[in-house]
Structure formats: structure tokens, C-alpha cells
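Taking the form predicted alone, here's one chain by itself in C-alpha cells.
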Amino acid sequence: MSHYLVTGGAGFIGSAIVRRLLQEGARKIVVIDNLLTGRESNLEEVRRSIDFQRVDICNYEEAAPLIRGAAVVFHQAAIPSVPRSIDDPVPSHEVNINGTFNVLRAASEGGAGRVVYAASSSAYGDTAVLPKVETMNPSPKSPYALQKLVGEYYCNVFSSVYGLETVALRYFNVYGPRQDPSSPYSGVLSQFMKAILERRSPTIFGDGEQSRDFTYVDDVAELNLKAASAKNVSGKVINGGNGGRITLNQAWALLQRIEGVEIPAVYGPPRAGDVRDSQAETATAVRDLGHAPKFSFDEGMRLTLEWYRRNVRG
């Protein structure tokens, strides 16, 4: 029986895709995760409905049999951090490049139907022109950005040379429930959530006027399902953002308004590898995938904050 497979399915985005698949009535979902950055607790309420396998995608012999015959492989497994890839580039290279090659090879040799790959908008680097469109020349500024770009190239090659259907979605700063705030490499909004609930100042690296196309995780999960079934998209790279742009100062100000507090941020030096501004051109995603984000930034932030209030604080 054909099945869906989610690499990194115990992670923040991967677990959202798992839950979305179940909502759509998927009967067999296999999750591969070595729990390096993922957490089994992210799958707690759906654990009995899936086949969870603690497997590392860098281990081809263990991963390949699980991938064989999958209708769709949602490849989310990664070490997803620009600063971490700069501080310690070897593990992220092994997972993000070698692991991705293993997934594509296993999907191709095992007759999988399609691979939907979690690419990254960091591949664009800093561009004077906004929004960022898929036809722009990439200019990665960090090992992580380069690694994700190599994954895109591998997807394209496996599509054109081996006939494996692939779609690469360039994520733009995904946020939402279950994003881990505990690491110094965590996403900025998850750290903002923890700081506001603890009534302390967050550290913003730079002047806070850097902007991001923050995209709610449920919209990203929905886009993955659309990419899994869309026609005439194999080999393509498609932006997975909302098309908006919010500064870090605006994001922190919104949380203060929601909570009715005034807590000034602390500012530190800019971090190496960080992009100044990021905003997605979404025309291709709308045309080819029917992309229609449901969550505004304000609504997504309120939903996320409520989840952190219930699940993280104390």
C-alpha cells in the first residue's frame, strides 16, 4: 500500500505536515526522525495514528527501505539554523547535503512518487530588489543557505536525469506552535514568545529594522500538501511565503500590545550570515499551487502566543 513519508516529522514544520495529512484522511504515514532537533512530544496527540521510526537520514541502509514506494516524501529533516551552520558547519553539511542526497536516491531507486523538499529563502542572500522572485540568481551568505541551495540543485537533477518528481519550496521564516524556543539557534519569534511570557527583554541582533516574510506554520503545511498533488511542477523551485514584510521591532511591539506591557528590547551586534530583508514574490505559488494563506501575521502571533502560554511557560 502506498504511503506518505515525512522526514524530520517530529520537528516543528514536519509535525504540522503530519497533522495536516491526518486531517485529509491519510491512512499510512511514516515519520523518520533522529530527534536531534525534533521532539516526540510534537506528535503526542497523533502518535497512535502514525508509524514513527527513529532513523537518521544519513544512514542510507536504514532510511531507504522506509522511503521505498512512498506516494510522497515530504523532506523536512535538516539542521535548520544559519548561526549554527557557521559555528559548527560539519554536522549541518552532513545532514543538509548528504542526508538530502540519501533521501532523493532512496526515493528514486525505491519508486517513490514525488519528493517535496524544504528549501530556504536564505538561498537568495541579500538582494536590493524586493520581493524575491524565483528567477533571481541565488547568493547564499552562510553554510546553511548554501546547503539548502545544493539540495534544490539535487532535486532538479534527480527530476531531469532520473525522472523523480520533485518540488522545492523555499520557506520564508516559518513560525507558530511547537517551535522550540530553548536553543540560542531557535527562531526569533519563538524566543520573543518566551521572553514576553517571562516578562523580560529579548535580545535583537542589529537595529531591529531587518524585515522578514513571517509565515504561519499551518499555511506552510497546507502549501506542502498542494505541492504534493499539483500538476506540471516537477523540478520547480517555488517560494513558500506570504508576500508580506514585518520588522523585528514591529513583531516585538505587537507582542507588547497583545500582553499590555512595555518591555524594551536589548540590542546586540548583527550576526554573521543574517539577511537584512526578506519578502516572497508569491505569484508562482498562487498560479502553480493555488497558494492562499489563511493566517494574517496578527492572527498567527496571537495563536502562537496562546500555545506557548499553555505549553511552555512554567
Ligand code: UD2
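Residue numbers here begin at 1 and follow the sequence given. None of these values were measured; they are calculated from a predicted model.
From this point on, the text means the form predicted together with the ligand, which you will not see here.
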ask   = For S81, is any heavy atom within 4.5 Å of the ligand in the model of the complex, or not?
value = yes
task = Decide whether V188 counts as a contact residue for the ligand in the model of the complex under a heavy atom distance cut-off of 4.5 Å.
result = yes
inquiry  = Is it the case that Q210, even though its partner is missing from this view, gets within 4.5 Å of the ligand in the model of the complex, heavy atoms only?
reply    = yes
message = T282 versus the ligand, in the model of the complex: is there a non-hydrogen atom within 4.5 Å?
response = no
query = the ligand in the model of the complex: within 4.5 Å of a heavy atom of each of H3, Q76 and Y117?
reply = no
ask   = Tell me which of 167-175, 225-233, 152-160, 95-103 has residues with heavy atoms within 4.5 angstroms of the ligand in the model of the complex?
value = 167-175
remark   = Checking S121, Q147, N242, S85 against the ligand in the model of the complex, the residue with a non-hydrogen atom inside 4.5 angstroms turns out to be S121
remark   = Contact with the ligand in the model of the complex, heavy atom within 4.5 Å, among R257, R27, R271, R47 goes to R271
message = Need the contact residues for 197-219: heavy atom within 4.5 Å of the ligand in the model of the complex, sequence order, or none if there are none.
response = T203, I204, F205, Q210, R212
